[in-house]
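As a starting point, one isolated chain is supplied in structure tokens, in the form predicted on its own.
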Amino acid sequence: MIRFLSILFILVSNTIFSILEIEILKGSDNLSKVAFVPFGNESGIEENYGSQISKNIEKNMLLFGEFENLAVNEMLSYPSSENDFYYRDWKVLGVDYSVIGKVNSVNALGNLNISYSLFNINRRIKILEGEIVGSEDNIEDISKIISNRIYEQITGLRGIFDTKLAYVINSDADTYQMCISDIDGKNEQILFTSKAPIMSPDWSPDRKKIAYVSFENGLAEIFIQDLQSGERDSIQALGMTNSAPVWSPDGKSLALVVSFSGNPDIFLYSIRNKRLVRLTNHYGIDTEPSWSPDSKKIIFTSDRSGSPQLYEISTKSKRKKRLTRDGNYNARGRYFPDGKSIFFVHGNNGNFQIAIKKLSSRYIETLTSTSLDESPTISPNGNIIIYATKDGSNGYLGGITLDGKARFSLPVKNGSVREPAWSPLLN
């Protein structure tokens, strides 16, 4: 029951928080091979900005193990413009795509003008051409924008290299830290530190705030923290415990769990009016809500059938439907960005793994092979799932692409990390 309620995690770790770092565990033998040609610099530009940018793009594109790269020392040429590009140089090396570019100018204010192109070698065509202007102080951000455009052109999915991850670190000194970082682990920030457990972070749609649960005052309370000012506000929901907050897609409401007299139910909380509307009213345990992309439905976990299972409820009619029946534990459900499928924690015979299910189908597909997986979160393009798992007593984050071609881990150098939450995309 403690696991089902997701109220408290006691984690054992070595020392205090250290930065996340992605480690590729498994890649397919049939990945697209990309040549990231070192970007050129127009004559007169002293700094080697081009090389920095192309290296950053390569790092981003290889981050989750979805592509294979061609080593620079294996390249037959180093073109920086289409006039110098010859498909035969890359075809003979088994390359599928080539990325080239050039820093054209740097003005007195330190603004770079950069051009770039992406070529499909097998089709012998240029499939992307672009130009971008940005400050020399923001080369990483410039590289992420270019990487996103390249990724989308190759995969058909929006790039996610400028997204962020929220997570909770627990040290052996029983110190908990609410943290955020770039998806590659850089630019880490500690939002809040407490001797009491912290859990269930969730991003507002505009990425300006995070809601989470803290036990700092003895019981579970929901806080909303502004990421720019650091200010925190507690939601006064009047229950014995308040937990599992999730933002609505329009940012106007939270779905959350309020426990009156020890009975948890799902409520909707208006951010503007600070009012609660009850959504479920059952003697069983209803918890872990999550919104559908169109805000019309909420998926939640309930033991009303005798074991934790997933249900869906209309936010207007309050009509409910059971979604899972296989296994004796299905919990922490979340919708895919397209709203047609869900992912969740599937338990059977003491093993807890990440699974997916199309809403139009009765069948469950298990994605992971470890046995203590929980708290899955999905990339906003719907292609990658990150989840919490364990290696002995240490908690770390694991990741998998939906096609199963790549698996990776995000351990911290010291400590245990739990409760991942992937940020939305910024339009």
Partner chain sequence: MNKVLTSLNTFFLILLFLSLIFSMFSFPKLNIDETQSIKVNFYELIQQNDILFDPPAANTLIKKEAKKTSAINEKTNADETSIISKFKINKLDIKNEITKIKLSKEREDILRVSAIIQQRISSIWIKPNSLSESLIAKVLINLAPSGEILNFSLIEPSSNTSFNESILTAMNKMTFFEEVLSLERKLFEKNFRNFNLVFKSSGEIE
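Computed from a predicted structure; not experimentally measured. Numbering follows the first chain given and starts at 1.
FYI, the form predicted together with the partner chain isn't displayed, but the following is about it.
* **Stretch in contact in the predicted complex with the partner chain, which is absent here, among 391 to 399, 376 to 384, 39 to 47, 52 to 60 (heavy atoms within 4.5 Å)** => Looking at the other structure, the answer is 376 to 384.
* Asked: Of the options Asn120, Gln189, Asn113, Ser295, which one has a non-hydrogen atom that comes within 4.5 Å of the partner chain in the predicted complex?
  -> Looking at Asn120, Gln189, Asn113, Ser295 one by one, just Asn120 meets the 4.5 Å heavy-atom criterion.
* Would Ser28, Leu31 and Glu66 all count as contacting the partner chain in the predicted complex, using a 4.5 Å heavy atom cut-off? -> Looking in the predicted complex, the three residues Ser28, Leu31 and Glu66 all sit within 4.5 Å of the partner chain (heavy atoms).
* Would you please decide whether Arg325 lies within 4.5 angstroms of the partner chain in the predicted complex, comparing each non-hydrogen atom pair? => No, Arg325 stays farther than 4.5 Å from the partner chain in the predicted complex.
* Would Phe85 show up as a contact with the partner chain in the predicted complex if we use heavy atoms at 4.5 Å? -> Phe85 lies outside the contact set for the partner chain.
* Asked: Does Asp338 reach the partner chain in the predicted complex, with heavy atoms at most 4.5 Å apart?
  -> Judged by the heavy-atom cut-off of 4.5 Å, Asp338 is in contact with the partner chain in the predicted complex.
* Can Leu20 be called a contact residue for the partner chain in the predicted complex at 4.5 Å between heavy atoms? -> Heavy-atom contact with the partner chain at 4.5 Å: present for Leu20.
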